[in-house]
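Presented below, as structure tokens, is a lone chain in the form predicted alone.
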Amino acid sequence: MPAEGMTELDREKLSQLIEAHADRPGALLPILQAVQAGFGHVADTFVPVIAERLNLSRAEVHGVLTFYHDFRRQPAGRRVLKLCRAEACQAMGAVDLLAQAEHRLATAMPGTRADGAVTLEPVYCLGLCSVAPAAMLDGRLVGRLDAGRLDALIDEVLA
């Protein structure tokens, strides 16, 4: 198993996560989900290891990894703020809120502040269309988001 740049503990943990799902039909997605749950992200160095075990090309694994928005290739910040980018939220002002968040957090979406305080991510529907625009902070849903409520969320993550 090629695993350049990984510690022996990381190699062992990755191997266990892969083996827990490797013999299932359609194992790639469950493996990627398990790896992200275990490490907080799916590092590029993990891709060849997963590909080799599943007898897939690196390109196939990379394609799935980059297709789904919920997979992270870098560790997230201490807090995660997701802003809804779906049509209902866009129609209710989410574009301006995104610009406000990027400015206040000094990072573009998707991205993590240089100090690691917060990761700003898109999400493509939180199911809160009737109270759009919406956001999610560390798994907590926030509807009826406006400039003031967004500032309060940002103040919370930067405190």
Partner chain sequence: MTVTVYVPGDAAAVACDADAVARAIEAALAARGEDFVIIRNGSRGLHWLEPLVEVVTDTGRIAYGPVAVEDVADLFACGFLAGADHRLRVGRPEDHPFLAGQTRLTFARCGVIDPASLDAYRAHGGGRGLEKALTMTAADRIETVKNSGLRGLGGAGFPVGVKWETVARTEGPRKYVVCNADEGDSGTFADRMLMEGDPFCLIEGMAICGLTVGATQGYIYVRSEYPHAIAAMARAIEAARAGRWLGADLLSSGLAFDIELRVGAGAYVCGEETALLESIEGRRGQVRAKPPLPAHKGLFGMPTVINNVLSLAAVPFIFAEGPKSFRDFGVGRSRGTMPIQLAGNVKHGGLYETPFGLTLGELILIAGGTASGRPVRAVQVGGPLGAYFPPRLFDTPFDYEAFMAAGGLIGHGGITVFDDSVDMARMARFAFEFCAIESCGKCTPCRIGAVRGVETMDRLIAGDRPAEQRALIADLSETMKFGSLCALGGFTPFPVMSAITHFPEDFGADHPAAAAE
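So that the term is clear: the rigid core is the largest set of C-alpha atoms that superpose within 1.5 Å between two forms. Numbering follows the first chain given and starts at 1. All figures in this text were calculated on a predicted structure; none of them were measured in a lab.
Unshown form predicted together with the partner chain; subsequent notes refer to it.
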query: Residue contact check: residue 57 to the partner chain in the model of the complex, 4.5 Å heavy atom; finding: no
query: Contact label in the model of the complex: residue 35 to the partner chain, heavy atom within 4.5 Å; finding: no
query: Heavy atom of residue 107 within 4.5 Å of the partner chain in the model of the complex; finding: no
query: Touches the partner chain in the model of the complex: residue 86 (any heavy atom, 4.5 Å); finding: yes
query: Candidate stretches 41 to 49, 112 to 120, 125 to 133, 99 to 107, one within 4.5 Å of the partner chain in the model of the complex by heavy atom; finding: 125 to 133
query: Stretch 26 to 58 - residues with a heavy atom within 4.5 Å of the partner chain in the model of the complex; finding: 26, 28, 29, 30, 33
query: Residue shift check between the shown form and the other one, rigid core fit, residue 129 Cα at least 2 Å; finding: no
query: Rigid core superposition, residue 109 Cα moves 2 angstroms or more between the shown form and the other one; finding: yes
query: Threshold 2 Å Cα movement between the shown form and the other one for residue 92, core superposed; finding: yes
